[in-house]
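A lone chain, given as structure tokens: the form predicted on its own.
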Amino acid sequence: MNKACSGQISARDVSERKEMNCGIHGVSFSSSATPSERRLSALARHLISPTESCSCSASGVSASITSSDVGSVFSHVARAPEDPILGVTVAYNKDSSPVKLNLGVGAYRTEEGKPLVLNVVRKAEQQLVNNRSRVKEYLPIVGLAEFNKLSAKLIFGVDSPCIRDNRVTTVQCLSGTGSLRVGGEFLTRHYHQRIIYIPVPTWGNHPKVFTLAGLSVKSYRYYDPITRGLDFKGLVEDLDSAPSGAIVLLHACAHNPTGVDPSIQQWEQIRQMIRSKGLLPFFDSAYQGFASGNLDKDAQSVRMFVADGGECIVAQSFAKNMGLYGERVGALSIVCKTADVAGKVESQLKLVIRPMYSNPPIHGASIVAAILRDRTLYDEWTIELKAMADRIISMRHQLFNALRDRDTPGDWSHIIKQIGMFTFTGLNVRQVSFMTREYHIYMTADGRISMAGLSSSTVSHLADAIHAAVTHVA
């Protein structure tokens, strides 16, 4: 039984809970806590909502149990709140309005508002189906070898020194989330510093993934709500004060949720500071090619850190740039100083993966490998990828123009300055609630909208809603 709901909470548990600070600003724990203690504390916090009827304290527990719960050994389990991002879709699906609009979840939609399967993906799948020699045997623990090799070349570059010198190990994982989790678990076991700094704000799953992996999560400033741009001064100050050896999570491009990226000059300053302080960069690359439409341009930040000969970690996802959301295709790469160290790291990654999910699935990785190995398919993919990126850029300009035409109060130029799938609108919780209630538009409470869910036919509706929200709701 979870001790958080058994009444067996120790003084140390109470103290640890006071040290936890969870939310959009990240999560922090006592650095003296063990990885196991951090996991247990985080799970207790995650499973128990303050609004639920199960309230726990050091002296006892009260819980509301319905008659259908009587006799269940799980009757003490509290109902967890909906995921703040995926819960948006749950609410959207319950709405019967014909004008409802879902701008919450980060998945690409066509101009008609439909999910898109790339033509090149269908071709690759057909090749796999037609190949009668293919079998459904288990993959190795590290996944499909060809997929790993080609994924590394895609993010680091074909002529990358880390690939040439065999200084990188790449393992197939369960999309970007799984890659982050495997990387976090590895660092908890084998890296001397167990503190990771994440930007404020960041993807809502980041603090959960790294906390449950056993790392102590702290934050650094990133977004300036006044300028709706990068708080570069705050970023530099916070990372400069980080302890030597700390891990730093960096969004490779198209920062989620803000769409605000450093310039190349700012990336160079960040690189110099991270190297001078001996920090370890951990890149989350979920949008390569999907941000600008150019695969090499979107990988520049990562390649800058590899070119200096230092070590770094990269989590890759093919959900967005190949539209393989449900296939869960990703890779984790760790760039090391020598080939010998890279081999040792891979051996330990196997020990992380084996008891977690044993080995990854074969189908999605085979699709990616088929596209990346074949020049004709690869070229077709880059064309389709550019088309998706361009449509999102077009939606940005259409929304900006629609707000300008309505003389909507405020400066909305950040919409066309930001990049990638998401726009951080600057709308507050009350305004978001108003738009959902009055206009049936669904987005996350922080005002993030998915530009990929917008179309030429729905821009006007969204612009009307934003105009009304900022005009009538403070």
Ligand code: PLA
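Residue numbers run from 1 along the displayed sequence. Keep in mind that this is a model prediction, so the values were computed, not measured.
We do not show the form predicted in complex with the ligand, though everything after this point is about it.
- Remark: L86 counts among the residues lining the ligand in the model of the complex, judged by a heavy atom distance of 4.5 Å or less.
- Though the partner is left out of this view, T211 does not reach within 4.5 Å of the ligand in the model of the complex, counting heavy atoms only.
- Heavy atoms of A286 reach within 4.5 Å of the ligand in the model of the complex, making it an interface residue.
- Looking at R167, you'd find every heavy atom of it more than 4.5 angstroms from the ligand in the model of the complex.
- Of the candidate stretches 399-407, 198-206, 362-370, 377-385, only 198-206 has residues whose heavy atoms lie within 4.5 Å of the ligand in the model of the complex.
- Heavy atoms of no residue among Q193, S219 and L279 are located within 4.5 Å of the ligand in the model of the complex.
- Checking T177, S301, S292, N148 against the ligand in the model of the complex, a heavy atom within 4.5 Å turns up for just one residue: T177.
- Contacts between 317-332 and the ligand, taken as any heavy atom within 4.5 Å in the model of the complex, involve S317, A319, K320, R328.
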